[in-house]
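The chain below stands alone and is given in structure tokens; this is the form predicted alone.
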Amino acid sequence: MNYFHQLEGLLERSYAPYSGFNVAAIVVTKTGDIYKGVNVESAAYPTTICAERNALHTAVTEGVQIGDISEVHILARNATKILVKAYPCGACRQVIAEQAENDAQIYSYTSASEIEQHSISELLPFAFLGQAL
């Protein structure tokens, strides 16, 4: 399913006064449930949260279990308000891999028709997963 229009509306809720880089994410479970997130910046940069982890944490809060995540959809806009292709950062890749048991598809949008798809295992080879602990 194409989530571009939902992401576009969600992007307006992003709070990025320092970087000007707005990100919206939608996490989809294997049963089709969706969870939304946006990036929220803070003047104390380490406390900033990415859109992908925001959506994933919401999913977990709502009861989504390890292995239930099947897709993550991402839309980003730079400081000049141009839509740009964005991929999850390293921290987000780790959380996605772990929550999806390394089996999720990542969709990066630049428009309703320009979408790039990658597996999380492609974006994070040799992921550090929970069973290794």
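Throughout, we count residues from 1 along the sequence that is shown. Values in this document were obtained by computation on a predicted structure and should not be read as measured data.
The next section is about a form of this same protein that is not shown, the form predicted in complex with a small molecule.
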Interface stretch in the predicted bound form with the small molecule - options 26 to 34, 40 to 48, 98 to 106, 64 to 72, non-hydrogen atom within 4.5 Å: 40 to 48
Residue 110 within 4.5 Å of the small molecule in the predicted bound form, heavy atoms: no
Partner proximity in the predicted bound form: residue 121 to the small molecule, non-hydrogen atom cutoff 4.5 Å: no
Residue 84 within 4.5 Å of the small molecule in the predicted bound form, heavy atoms: no
Non-hydrogen atom contact residue 91 with the small molecule in the predicted bound form at 4.5 angstroms: no
